[in-house]
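Just the one chain here, the form predicted alone, laid out as structure tokens.
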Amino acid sequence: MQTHMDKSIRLVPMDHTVEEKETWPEYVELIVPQRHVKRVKTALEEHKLLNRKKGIGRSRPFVKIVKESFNTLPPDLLDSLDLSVRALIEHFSSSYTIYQPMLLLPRNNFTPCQTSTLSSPGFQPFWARIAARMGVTHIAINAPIPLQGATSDAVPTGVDGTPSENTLRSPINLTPIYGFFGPPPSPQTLESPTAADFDAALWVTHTQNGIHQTWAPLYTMFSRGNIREKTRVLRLPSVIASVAEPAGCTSVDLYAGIGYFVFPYRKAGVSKVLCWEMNPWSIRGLQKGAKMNGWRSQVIDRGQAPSEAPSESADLIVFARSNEFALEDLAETKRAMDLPPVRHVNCGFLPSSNLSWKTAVYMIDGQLGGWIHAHENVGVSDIEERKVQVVTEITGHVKARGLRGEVRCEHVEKVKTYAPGVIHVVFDIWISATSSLAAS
């Protein structure tokens, strides 16, 4: 993946010595990811190769490509649209993301009118040139994932005509501007896609921490900002300790998506991961991603008859329905196999995952205890207060189950800024081992 965070470092060409200063070209530009800038700069200074006059600056190769591509447009096209090259270029920043084979531009670069103009047929040669130069085949303009379907006919309205909740977290405002992304989103293609719909869609890929992920951007969200939490799950001491136990362990993700946290659990060595997901496009992405990583997945769809029984040979078992039925599905899985104890339950729904906490408490192994990882959006100044509320509410569920163990918040992870003054955090809640009335 490439982003606007790259930096350009100007250096002395390797085929010129310091003594041959008069014959140097002005500089050679080296594009370096920002996280490596300090290390590369230090190495260049040690070898006297850093061009101090030009120094370090933000790389803008994309803007250069845009300017060159605009110059190839017929002047009469711009005149007919009452546009100037300079006016349009001003709205192109160096910010972009590449998920092969797609170039994704941020929404805030353009007004709705400009977006409509840039996606018109007359601009297709312009985008074709940019796609070729950037090494992609598709281009789209991004947009936030709406919590409701108010801005699109793709998400149906409620019985009273008000927008229904976008429970599938579909990216219904993504704007494709170059390349075919698949059949247009509609209630049918979003909720009941056919095999032909899956095959016709564009699927993009991304690799983080050596884990491959894939999704269809017209139908499925992808959160780049979750990398911090994905990395933490992969290295979390409580996960590593659970994996090392003789019986192994099971992890649960009640909001699996395309496998954001499912895959780190499996890569960390978790024996079995149980997943719940309602979005059929996310489920297909999880299946495809699991295969890319060499893991066996099984999807159990209660809407199909006869329904499969959970398979012991599967690394990942995906239940294609609401996690409201998770306890029922867990019980069936335990009847079908000798399931390792459930030690971790991920509750990753925003803005609040509290509706799943009771289910999570009843899934944790009653004899060994375990961890609930509760995702929440919280005001920066309210984190401590919310932590107490989370522990109090989960303690209530623990007592209702008949467990007598301790409940405490071991850690609060600040994942990313969600909005001004609001941060996405994860509360790691530990429920200790206990004897109880219902330790199962």
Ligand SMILES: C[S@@+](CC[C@H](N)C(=O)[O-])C[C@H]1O[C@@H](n2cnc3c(N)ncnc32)[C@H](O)[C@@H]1O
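Model, not experiment: these values are computed from the prediction. Start at 1 with the first residue shown and count on from there.
The following text describes the form predicted together with the ligand, which does not appear among the structures shown.
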item	value
Among the candidates Val345, Ala256, Leu316, Cys249, the residue which, in the predicted bound form, approaches the ligand to within 4.5 Å (heavy atoms)	Ala256
Asn71, Ser322, Gln124, Ser192 - the one with a heavy atom within 4.5 Å of the ligand in the predicted bound form	Ser322
Partner contact for Asn279 in the predicted bound form: the ligand, 4.5 angstroms, heavy atom	yes
Tyr265: touches the ligand in the predicted bound form, heavy atom cutoff 4.5 angstroms	no
Any non-hydrogen atom of Tyr96 within 4.5 angstroms of the ligand in the predicted bound form	no
Phe349, heavy atom within 4.5 angstroms of the ligand in the predicted bound form	yes
Answer range among 331 to 339, 240 to 248, 362 to 370, 270 to 278 for contact with the ligand, defined in the predicted bound form as heavy atoms within 4.5 Å	270 to 278
